[in-house]
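Below sits a lone chain in structure tokens, taken as the form predicted alone.
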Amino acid sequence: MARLIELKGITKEFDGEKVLNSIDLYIRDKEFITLLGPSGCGKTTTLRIIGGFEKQDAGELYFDGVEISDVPAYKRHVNTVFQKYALFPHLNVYENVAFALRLKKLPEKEISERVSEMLEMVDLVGFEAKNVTTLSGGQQQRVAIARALISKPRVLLLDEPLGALDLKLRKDMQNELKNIQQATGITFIYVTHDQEEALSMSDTIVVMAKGEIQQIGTPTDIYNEPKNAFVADFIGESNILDGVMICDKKVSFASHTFTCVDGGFGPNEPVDVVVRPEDVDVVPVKKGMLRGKVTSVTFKGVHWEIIVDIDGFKWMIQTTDYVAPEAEIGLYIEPDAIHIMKKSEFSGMFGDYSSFSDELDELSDADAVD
């Protein structure tokens, strides 16, 4: 796919605080790309700059090879769906969807055909005469999507559009949005802090933190090959430990030397070690590479989530077998379950689940510009 949008050295400050720090990013035509990160990481600011609602302090923004930094929002081939759908309460469903076409003074026959096409796409046929204030949250969102798509933009910007929906409806709409994107061939740029949304819908994920891009890749690459401790922690659960790369395919952590599949590090180089909770096998103590005491057990529906204290470090393990609290257990880790990362500014900040609640509190209390 050809490059449609390019951001080169994009920098933005608010009140002296750098929200974006020289961002470089390209977005391909017909791509579903997600900007993912916690509050304050700069993802919404990036979206607003692409849409023309904010202007960068430095850097260049290209659309189809043309620099558009000075092009006003209404002249860009871009539409936006916000978390608050901003529907017109005095208009019914049909007129909300038709609004952009009426501004263009298109013939009534064409308006009718295109509104019908959009309502069929978002599964709202038969709702034409309903007042939007009587619709459910999911139905209102579908109206907002239809209204945004009816003018056939090249790009649709979606700023946490599922945030106001309940869990089941959110999952349903994830599938619908992906299907709509594939059916229309429109480039979707999606902003969220929800890693499940990003993993389930995206062709490409851009993980952001502190106004910088930490990693760009497919959902599989981002999950299986995180670049640093922040990405490993933010995408799924991770046990992240200090380690030493003794030599290629040999790493020492948790007072044990393990065989792994990584190489290319210096002899005895300090590293971060990532082990996903689902990749650890619970075994009898005598068969374990590591041993520890279970400090908590939580049933998650399809698996048990257990916290294991090993020499003061709290491991998270996900297993389909019940393990009793206070039990002594062994842990066995296959070589391909161990992922090695270079040390970064995020080293030592994540991965010990004694601090898990504190991390969540910090995220929920964040009050930075996004």
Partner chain sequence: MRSAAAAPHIVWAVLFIVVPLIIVVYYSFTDRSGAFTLDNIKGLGDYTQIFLLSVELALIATIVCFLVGYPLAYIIARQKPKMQKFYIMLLMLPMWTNLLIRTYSLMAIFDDGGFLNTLLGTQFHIIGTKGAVIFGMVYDFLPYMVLPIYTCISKIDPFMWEAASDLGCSPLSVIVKVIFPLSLSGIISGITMVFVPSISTFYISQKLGGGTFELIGDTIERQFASNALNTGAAISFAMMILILISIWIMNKFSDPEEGGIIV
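Heads up, when I say rigid core I mean the largest set of C-alphas that superpose within 1.5 Å between the two forms. Worth saying up front: this structure is predicted, and the values here are computed from it rather than measured. Positions refer to the first chain, counted from 1.
Separately, the form predicted together with the partner chain exists; it is not shown, and the next lines address it.
Peer 1: Given that the partner chain is left out here, which of Ala100, Leu165, Ile246, Leu124 has a heavy atom within 4.5 Å of it in the model of the complex?
Peer 2: None of the other options qualify; the answer is Ala100.
Peer 1: Taking the partner chain in the model of the complex as the reference, which of Leu106, Val71, Ala86, Val261 has a non-hydrogen atom within 4.5 Å?
Peer 2: Only one listed residue qualifies here, and that residue is Ala86.
Peer 1: Does at least one non-hydrogen atom of Thr80 fall within 4.5 angstroms of the partner chain in the model of the complex?
Peer 2: Residue-level check for Thr80: yes, a contact with the partner chain.
Peer 1: At 4.5 Å between heavy atoms, is Arg48 in contact with the partner chain in the model of the complex?
Peer 2: Yes, Arg48 is a contact residue.
Peer 1: Within a 4.5 Å heavy atom cut-off, is Arg142 in contact with the partner chain in the model of the complex?
Peer 2: No, Arg142 sits far enough from the partner chain in the model of the complex that none of its heavy atoms falls within 4.5 Å.
Peer 1: Just checking whether Asn131 would be counted as a contact of the partner chain in the model of the complex - the rule being heavy atoms within 4.5 angstroms.
Peer 2: Heavy-atom contact with the partner chain at 4.5 Å: present for Asn131.
Peer 1: Given the stretches 62-70, 48-56, 298-306, 325-333, which is the single one in contact with the partner chain in the model of the complex, using a heavy atom cutoff of 4.5 Å?
Peer 2: It is 48-56 that comes within 4.5 Å of the partner.
Peer 1: Answer yes if the Cα of Lys130 shifts by 2 angstroms or more between the shown form and the other one on a rigid-core superposition, and no otherwise.
Peer 2: Shift at Lys130: 2 Å or more after core fit.
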